[in-house]
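As structure tokens, one chain now follows by itself in the form predicted on its own.
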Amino acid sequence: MSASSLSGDDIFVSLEPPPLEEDPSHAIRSFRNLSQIIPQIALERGTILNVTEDSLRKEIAARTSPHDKDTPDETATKSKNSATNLAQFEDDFNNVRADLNRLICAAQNEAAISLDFVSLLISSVRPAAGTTSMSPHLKSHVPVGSLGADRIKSSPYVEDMSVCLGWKTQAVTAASERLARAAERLAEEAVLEKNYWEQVEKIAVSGEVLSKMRMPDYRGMGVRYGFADAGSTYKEKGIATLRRNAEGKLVVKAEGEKRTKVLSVAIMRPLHGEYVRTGQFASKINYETRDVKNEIKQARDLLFEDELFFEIARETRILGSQGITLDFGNKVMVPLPALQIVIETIDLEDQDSSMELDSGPDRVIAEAINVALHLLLSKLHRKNLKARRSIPLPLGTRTNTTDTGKSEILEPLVSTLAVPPIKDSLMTLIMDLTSALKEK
């Protein structure tokens, strides 16, 4: 930093040692060595290369300018104040030194008293060693060996057996209470398990197929109410878990969504250009008593109804050329010469309302068709089971006979119901032709 770049706000640090000002203690405290001054100069003025002789002369001249010199009165006042401060400093120093001497004397006295005490104790055991370090004042006033010491022997520790017995009694009581509660809980659990396994035994005696289930959320007993062993190829295998509730009762929980649909067959005949429902019949599955056996039976029957409608809906694609259609995915329309058959699924609650129709001949026909559909599905199961048990053909044998795309339920029903009216119409036509030929 050059002298020309300095301003009035810059801070100057003098290279001269600090003078002894009014307060000598302040001068002593503010004294710093050269290793502390040089870094401060480098921080305030920059590198030494920027310091020139001219800048130093100007700085010295600025400090010793005539208007900064003190007047004779001010100089005399400062000298008087300095002398007063120096005298005060000397008084303070003398007082501090006197206090320090007093404390040192007190410490020496305490140490001498402690040494005499220890020496007097040692003199009772070893007089020669004790008198060596003993002060002359103590020797002249206190006889040697007059102060002694001995080890205090404490009485042997006697264990309080009442406390031990109290802790033991408390621990045994707490353990007995926990064991009693565990026994009660195990007894209740045993009763619940007994009730559960008695109900499982009743199910096994009734002829149901029980098996051990291993599922992500359940491991225990299960029942198979499906028709997989009877030849069914339906996607739902019909497996339910036998769970135990908090009361020990057996609860049957079937896989998948709960089924509530049954098959319904309705007969519709033309009237004034429109088809009118003249008879309807739905499978009756509701059971009066709601026990575990009936729940399993109901689940089996509802699964059979679901599979039956699934097979009927699948066969509508095969028999589509005969006018059989599937409407809205839950209603199959089978047109016949004199009537129309509607096959659909309804809720269990709606099957009673379907029975309220008059018991006419069409209702009997609907009931017969419903029973026939169930029998045809059972026949299909038996056929599949027979094919599964039959000896397979050699790998190199080729056969053109295949059941793929063949209707096993709707086609026999439609053929049976459609042939008699067609036969009657054909016979009527033949009779008319015969009569006409005879008249000629």
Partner chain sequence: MSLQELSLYAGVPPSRLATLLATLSAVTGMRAVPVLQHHLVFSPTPAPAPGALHPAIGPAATQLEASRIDVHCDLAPAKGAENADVKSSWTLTIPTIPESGKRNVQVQYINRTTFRPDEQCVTDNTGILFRFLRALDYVYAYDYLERGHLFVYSGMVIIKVTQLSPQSPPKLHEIPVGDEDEHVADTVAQHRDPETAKFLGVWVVHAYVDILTGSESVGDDLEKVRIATERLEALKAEIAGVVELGIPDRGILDPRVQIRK
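Since the structure is predicted, the reported quantities are computational estimates derived from the model, not experimental observations. Positions refer to the first chain, counted from 1.
This next part talks about the form predicted in complex with its partner chain, which is not shown.
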query: Contact label in the predicted bound form: residue 390 to its partner chain, heavy atom within 4.5 Å; finding: yes
query: Distance check, residue 61 to its partner chain in the predicted bound form, heavy atom within 4.5 Å; finding: no
query: Residue 395: touches its partner chain in the predicted bound form, heavy atom cutoff 4.5 angstroms; finding: yes
query: Which of 52-60, 408-416, 381-389, 36-44 lines the interface with its partner chain in the predicted bound form (heavy atom within 4.5 Å); finding: 381-389
query: Sequence-ordered residues of 138-164 touching its partner chain in the predicted bound form, heavy atom within 4.5 Å; finding: none
